[in-house]
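In the form predicted on its own, a lone chain appears below as structure tokens.
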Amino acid sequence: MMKVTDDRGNRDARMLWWRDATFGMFIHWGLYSIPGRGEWVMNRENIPVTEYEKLAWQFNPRHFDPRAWARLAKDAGMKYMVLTTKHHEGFCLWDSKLTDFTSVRTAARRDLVREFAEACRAEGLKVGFYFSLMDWHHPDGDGRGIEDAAARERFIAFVHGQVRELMSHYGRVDILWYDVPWPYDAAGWQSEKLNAMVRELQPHILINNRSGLPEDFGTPEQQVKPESADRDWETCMTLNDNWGYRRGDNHWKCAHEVIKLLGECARSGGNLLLNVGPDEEGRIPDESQSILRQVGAWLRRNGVAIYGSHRARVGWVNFGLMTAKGKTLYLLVDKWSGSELTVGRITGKARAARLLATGEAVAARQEGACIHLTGLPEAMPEEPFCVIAVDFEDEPSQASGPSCLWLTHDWGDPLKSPTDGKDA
């Protein structure tokens, strides 16, 4: 058996672009976009395989334009894209030789993964492939391999073979994003052997933690929750309530919410992988596009406060949130209180401050651990967050104290007050 050998130095070198990127696009797309009732429709509605297979002969996305998807991601300020090459339904968006249940051998007659990968590269974006280990379509994918060794070996060979195809025929792949390792653990999936093969074919690749091994980064879902101080992580989040396309789901996060999520990830040293769910024709909903372009416009003015921010002990403020990078604190202000702003419990000596979007100087006065910013515009000069950059002589941080004991208490999110979400 091949062993995964990857020392910390090599990993740091491979992770460098990803840590700087901060923001990526997740795309859930498959046959489930046709009924438009979410990506788990086959399972939740108990649709037999023979009935569900018929959707493949209706799936002919005439409006699928991967360059348009990639341009949207780029306009949104995203640096990489991750596509569901195969979701739990088992339908492959590439030319797999191990099954006929593919976009090439049914109505579309197209290798959608190839088109996606080429579009990402054309727009200068990193390429990510999502791959579901769980497979409702495969006859041995129903868990029978727990008791039946022959069934397990057939299914493991199938899974490893499909991953090999994805790693072998589509050029450089930057991210492999596994999902749902049911019904086996890492030993059952032979994950060490699988991932060693992946790294042999794509030495630079980043692999997530959902094959049962920690690998390069953790994947908290629908919440901003760093795993540990020395672990890379990426929050995956839906833009509305569903991953796959669902008609009538209009519970959209606004640009303010998305930027706040980005800031929360950035201040804690993580990434945000934000999902869109194209419809059966390959169209990303207009609402998704509008929100993402608003976020991108803000990032073009203020992205330095987000991209490449490092994990820092900052965050206890009453005006929005803070990120940090090197010797600079970035104050993301969405609660504007007039011409003055104070930041407390800051260690380090402040040198200067400025409005990030315009470069306009802001008067800064330091009294002990408090930074007082004065002469600000009476009205908030930019929505949804106005960013003030404060430069220090050394790397700043935010100290705890008698009234901030929660900072060292295990409240789950170390940057939340114990009263957040509770009755005060």
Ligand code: GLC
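Residue numbers run from 1 along the displayed sequence. Bear in mind the structure is a predicted one, so any value in this text is a computation, not a measurement.
Another form exists, predicted together with this ligand; not displayed. Remarks below refer to it.
Participant: Which residue, 236, 125, 163, 112, has a heavy atom that falls within 4.5 Å of this ligand in the predicted complex?
Facilitator: Contact check passes for 236.
Participant: Within 4.5 Å of this ligand in the predicted complex, heavy atoms considered, which of 146, 180, 254, 352?
Facilitator: Comparing distances to this ligand in the predicted complex, the residue within 4.5 Å is 180.
Participant: Heavy atoms within 4.5 Å of this ligand in the predicted complex: which stretch in 66-74, 37-45, 385-393, 52-60 meets that?
Facilitator: Selected stretch: 37-45.
Participant: Taking 4.5 angstroms as the cut-off for heavy atoms, does residue 130 touch this ligand in the predicted complex?
Facilitator: Within the cut-off, so yes.
Participant: Does residue 210 reach this ligand in the predicted complex if we count a contact as any heavy atom within 4.5 Å?
Facilitator: Judged by the heavy-atom cut-off of 4.5 Å, residue 210 is in contact with this ligand in the predicted complex.
Participant: Would residue 267 sit within 4.5 Å of this ligand in the predicted complex, counting heavy atoms only?
Facilitator: So residue 267 does not count as contacting this ligand.
Participant: Although the partner isn't part of this model, could you tell me whether residue 340 comes within 4.5 Å of this ligand in the predicted complex, counting any heavy atom of the residue?
Facilitator: Looking in the predicted complex, residue contacts with this ligand do not include residue 340, since no heavy atom lies within 4.5 Å.
Participant: For the stretch 216-252, return the residues whose heavy atoms include at least one within 4.5 Å of this ligand in the predicted complex, in the order they occur.
Facilitator: 221, 236, 243, in sequence order.
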